[in-house]
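Coming up is one lone chain in structure tokens, specifically the form predicted alone.
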Amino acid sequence: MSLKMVFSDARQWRYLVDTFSTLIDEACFIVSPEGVKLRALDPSRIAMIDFFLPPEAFEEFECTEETRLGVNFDDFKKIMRRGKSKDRLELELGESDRRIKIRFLGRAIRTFSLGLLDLGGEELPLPKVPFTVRAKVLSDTMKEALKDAEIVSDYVRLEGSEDKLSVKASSDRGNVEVDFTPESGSLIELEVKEPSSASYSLDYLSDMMKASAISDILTIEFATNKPLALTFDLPGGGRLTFFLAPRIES
């Protein structure tokens, strides 16, 4: 068994690990000849991460058999934050290693090692949700809309209608409404099987939107009072999807 992955931009992995660390404490990357994947629930079981990067996303990818890399994300994040803007990233695991080597290749070659955790468990199934709204938007515009909503509330209501996607928030402090329309340029695609609305925690959404640093386009899928799916397309054909349970209002 040998494992070696070289990624051309260390910052992209830093943003990924930063995002993961806000939602999960520890999880397993599963590396195989088909690529790298991770699927995990947050401790409260309200949110799920589903991540995949194919071999083509890497500058160099060498993996002879499926390998599980259990990591503590707080520790991993601290190492990844040491990456510089023009560094390449190398991840390497030897035959009998219980530590993964994390190497930044830049003006100096800096090598860290991270102890691996023995995390068992079967692969989690993906939620089966009959989505009725699917919208493609500019990710930075959605990030700003959620910041607007945070001024008045700790949750947000998404509404999908025939011609627009709306982000709404309200409380005793006031109301906020942000509309995404084709005319404004922020709404790239919109498919609505039926008008739908659902509410979700802004704390979770704000954490998930950290992935906008590496993805310009965000796909949003939801249905009335059903879980939400946020999918970021990643460089090299990868994807990062978050699922979030709805806030059920009494």
Partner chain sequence: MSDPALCARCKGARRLCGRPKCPILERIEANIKLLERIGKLGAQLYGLTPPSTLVGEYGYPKVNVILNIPPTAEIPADEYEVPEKWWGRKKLEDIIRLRSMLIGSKFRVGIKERDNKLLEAAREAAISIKPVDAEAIFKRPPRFRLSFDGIIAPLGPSGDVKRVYIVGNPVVPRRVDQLMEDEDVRASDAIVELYRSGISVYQIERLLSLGLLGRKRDRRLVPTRWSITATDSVLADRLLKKVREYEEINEIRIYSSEYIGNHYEIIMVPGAWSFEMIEIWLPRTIWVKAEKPYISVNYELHDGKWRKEGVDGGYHAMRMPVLAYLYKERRQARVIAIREVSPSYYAPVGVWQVRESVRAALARGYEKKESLREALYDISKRIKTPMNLVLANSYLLRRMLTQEDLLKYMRH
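For clarity, every value in this text was computed on a predicted model and none was experimentally measured. Positions refer to the first chain, counted from 1.
What comes next is about the form predicted in complex with the partner chain, which does not appear here.
Of the candidate stretches 123-131, 175-183, 80-88, 101-109, only 123-131 has residues with heavy atoms within 4.5 Å of the partner chain in the predicted bound form. Between the partner chain and the residues 30, 41, 187, 57, the one pair within 4.5 Å by heavy atoms in the predicted bound form involves 41.
Of the candidates 65, 216, 62, 203, 203 is the one whose heavy atoms come within 4.5 Å of the partner chain in the predicted bound form; the others do not.
Residue 154 belongs to the set of residues with a heavy atom inside 4.5 Å of the partner chain in the predicted bound form.
Within this chain, residue 47 lines the site of the partner chain in the predicted bound form, having a heavy atom no more than 4.5 Å away. When contacts are judged by a 4.5 Å heavy atom cut-off, residue 247 counts as touching the partner chain in the predicted bound form.
Within this chain, residue 227 lines the site of the partner chain in the predicted bound form, having a heavy atom no more than 4.5 Å away.
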